[in-house]
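Shown here is one chain on its own, the form predicted alone, set out as structure tokens.
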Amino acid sequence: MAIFSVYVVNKAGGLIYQYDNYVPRTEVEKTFSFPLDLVLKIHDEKVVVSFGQRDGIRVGHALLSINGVDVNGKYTAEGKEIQEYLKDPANYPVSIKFGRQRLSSNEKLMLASMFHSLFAIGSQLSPEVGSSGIEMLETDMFKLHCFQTLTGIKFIVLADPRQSGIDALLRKIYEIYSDFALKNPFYSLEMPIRCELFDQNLKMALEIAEKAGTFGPGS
């Protein structure tokens, strides 16, 4: 079981903190001969698989490296366009690593804002007044848990569906936020959290939650 990541969103929908605790390894490296039996395309300035699946490589996976050297978006480390490079038989055999696309900082900001809007929509769709909004979203691979404070700050945790004790963890994170962000004289409300003690105590809380699954009195 694992806790994947933590997001803190302010009442305006801005992402003020994000931490990736555990990123599942979904990278696959294979050696290919010419011609390449996968169809690639450019998406968001990255080269991704659009057709053809084999040996763990899936549609939507991004091309991460060629011959052990990380690529730079749609270009090789030498500045050549990847698609043109892979059309040249002289460059084969070639070792290519594919994997899940890594979210950029801008993409994380956008997703936090989108969830803020979905949370508001969830409250408005409620047949009863005073709905709490979205508290959990479940997929086959993870669960998203959300706790909103009275002041509108949202604490979001993405975790393995089997992980227990997330409600207690969310409240523990709120406690850490209150102790090490709000009480920090250099911290401004609604602004990004940059506090070493907050980081340290959050990581400790995640480690305890993964091992024990809950928090007892005084933890």
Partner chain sequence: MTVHNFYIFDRNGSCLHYSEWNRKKQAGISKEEEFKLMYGMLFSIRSFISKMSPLDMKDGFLAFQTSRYKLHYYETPTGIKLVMNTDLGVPNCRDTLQQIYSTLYVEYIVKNPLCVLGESLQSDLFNTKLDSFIRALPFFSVRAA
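Just so it is clear, the model here is predicted, and its values are computed rather than measured. Take the two forms, superpose them, and find the largest set of C-alpha atoms that agree within 1.5 Å; that set is the rigid core. Residue numbers count along the first chain shown, from 1.
Note that the form predicted together with the partner chain isn't included here; everything after this is about it.
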item: 4.5 Å heavy atom contact, A90 and the partner chain in the predicted complex; value: no
item: Contact flag, E84 vs the partner chain in the predicted complex, heavy atom cut 4.5 Å; value: no
item: 4.5 Å heavy atom contact, S132 to the partner chain in the predicted complex; value: yes
item: The partner chain contact at G73 in the predicted complex, heavy atom, 4.5 Å; value: no
item: Which of 31 to 39, 53 to 61, 178 to 186, 147 to 155 sits within 4.5 Å of the partner chain in the predicted complex, heavy atom basis; value: 53 to 61
item: Contacts with the partner chain in the predicted complex, stretch 83 to 122 (heavy atom within 4.5 Å); value: R100, L103, E107, L111, M114, F115, L118, I121, G122
item: Core fit, then E128 C-alpha moves 2 Å or more between this form and the one not shown; value: yes
